[in-house]
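Single chain ahead, by itself, as structure tokens, in the form predicted alone.
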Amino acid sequence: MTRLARQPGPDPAGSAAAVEAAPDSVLAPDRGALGDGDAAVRVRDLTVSFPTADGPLPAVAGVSLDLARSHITGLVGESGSGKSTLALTLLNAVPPPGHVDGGSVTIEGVGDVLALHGADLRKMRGAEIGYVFQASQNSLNPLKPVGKQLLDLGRSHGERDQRVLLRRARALFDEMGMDAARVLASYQHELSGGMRQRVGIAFALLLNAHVVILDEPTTALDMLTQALVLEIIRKVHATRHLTTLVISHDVGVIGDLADRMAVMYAGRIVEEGPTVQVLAGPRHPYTRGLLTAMPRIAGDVSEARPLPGRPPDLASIPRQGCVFRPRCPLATRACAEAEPPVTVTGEHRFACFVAAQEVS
């Protein structure tokens, strides 16, 4: 677990009072918190559904989110909250049988990704937006050395000069503190977990993508290797002026890396804003629950409390009202009747009836 550098504010415990929706003056439009000119990626009203025996159910439901240009945005939530589905949709790569029901994903210099098909879509992936997959070993071909795979990637995007590709790859590996000659000649099973993760980052950057998504970049790594990978992400992000999205279930990773963070639950963004602000004063009960559930190195260990209940699957998400209501200690009658609107205070936004009443 990465050390969390920023400390949470209010205690999530408290008495539940019946509340109504917050005044219109604090209700946000259905969009991200940044102006369009500040965002390299703009997600608007995105809904992605999967067919089930009960009909189509949304894994991502009406999400609007901006990725600020040259910033690191963190996306945090428990497993099954829809983080990876959202990230794959940014590539127009929703895994079947899922499908996009509505909304748009606009990347600066590309346009609406969801409108791309065929050769245009293949060109966009890798050249404009890079993706580092959660299980790094699963994204590498076990039958080919890393160098051969890098050349294949370049050729698939029309780069025919092998010397240019290899020179670019060596520079990337050197930047990440790796022996480029050894890595290029190695098969994936000959590399450690941390090395495979760095190779995945190199793959994502080989074609000079300006937007990079890292899905659980520290999963299954020991603490020292995790710290090394996080430092490399910071360095590569800064030197290449990337727009970066980091996905994690670990609030500590997001707290260490991200300039802004979004908290996702049951396919919804329930809270979003500058990382320091969200961690210092979390508004949504789910965000507060994630923070109090974190293991602690110092202080009273008994203050760490697990979230009640279990994360919902698609079939058990409430069809009416707040999706977090079954696990929320502050749930009221209003929470059962309607989905809470988004409330904005400065750059901080959240979707909770109780929290909206607290700031009104």
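What you see is a predicted model; the values in this text were computed from it and never measured. Just count from 1 along the sequence shown to find any residue number.
Just so it is clear, the following notes concern the form predicted together with a small molecule, a form of the same protein that is not shown.
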Location of the small molecule contact in the model of the complex, chosen stretch of 108 to 116, 94 to 102, 154 to 162, 274 to 282 [non-hydrogen atom, 4.5 Å]
94 to 102
Looking in the model of the complex, any heavy atom of Gly82 within 4.5 Å of the small molecule?
yes
Using 4.5 Å between non-hydrogen atoms, is Glu175 touching the small molecule in the model of the complex?
no
Heavy atoms within 4.5 Å of the small molecule in the model of the complex: does Glu216 have any?
yes
Please run the contact check for Leu314 against the small molecule in the model of the complex: heavy atoms, 4.5 angstroms, yes or no?
yes
Only one of Gln188, Thr225, Gln134, Gln149 has a non-hydrogen atom within 4.5 angstroms of the small molecule in the model of the complex; which is it?
Gln134
